[in-house]
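Coming up is one lone chain in structure tokens, specifically the form predicted on its own.
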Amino acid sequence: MIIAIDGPAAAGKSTIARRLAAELGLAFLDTGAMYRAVAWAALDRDVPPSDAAGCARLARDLDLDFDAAGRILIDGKPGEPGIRSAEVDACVSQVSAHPEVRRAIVPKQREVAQRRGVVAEGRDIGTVVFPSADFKFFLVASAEERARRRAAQIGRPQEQAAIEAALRRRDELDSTRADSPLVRADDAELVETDGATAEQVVDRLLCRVRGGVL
């Protein structure tokens, strides 16, 4: 079984996907972490995020996999917390927008899924990576709510306004890029998460997957 969860940055995709995978006994595939790994490697190796060829070369050459808990491994070494840095946040949209990078990463994502059933989250999972997924969900929340969650997650509530501005910029970049833009698949079910806890959202998705009504 393949379950695709798409949506904008900080919509709760990773948390929901990870918990849903655990409930269903599937692997959690954090596709965004793979692009973050490329961005992290570009910064680490002084490859400009604007260098499409250089970033694509990294994307092809990096050995990307996941541990049992769904955390990314970069050339066999833990990618956390490096891939979650503010520096990576600032350039990952630019790196992931390069068509050559996406062409290198998508086969790696499909390779992971071939090993076992997955719950995959990202921005083009239901449209590009797994267009024939068994279930597709598109998680959304207001920019204000997403900024509040992210600020609380990193323990910096005073930075909520700045985080919201950054999220809005990233939404614009992700939804307008030429290759694999952030867009809801025609057959993806829209899930509004404003005001809902992670447990409530997971319960809704579980109900749908197990044959109930969303």
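Numbers follow the displayed sequence, beginning with 1. What you are looking at is a predicted structure, and each value in this text was computed from that prediction instead of being measured.
Omitted here: the form predicted in complex with ligand DC. The next part is about that form.
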### Query
Of the listed stretches (91 to 99, 69 to 77, 111 to 119, 132 to 140), which one has a non-hydrogen atom within 4.5 Å of ligand DC in the model of the complex?
91 to 99
### Query
Is residue 103 one of the residues lying within 4.5 Å of ligand DC in the model of the complex, judged by heavy atom distances?
no
### Task
Evaluate residue 35 for contact with ligand DC in the model of the complex, applying a 4.5 angstroms cut-off between non-hydrogen atoms, and reply yes or no.
yes
### Message
Whether residue 174 contacts ligand DC in the model of the complex should be assessed with a 4.5 Å heavy atom distance threshold; does it?
### Response
yes
### Query
Looking at the partner-bound form in the model of the complex, is residue 149 within 4.5 Å of ligand DC by any heavy atom?
no
### Message
At 4.5 Å by heavy atoms, is each residue in 19, 193 and 204 next to ligand DC in the model of the complex?
### Response
no
### Message
Where, within 13 to 27, is there a heavy atom within 4.5 Å of ligand DC in the model of the complex? Residue list please.
### Response
13
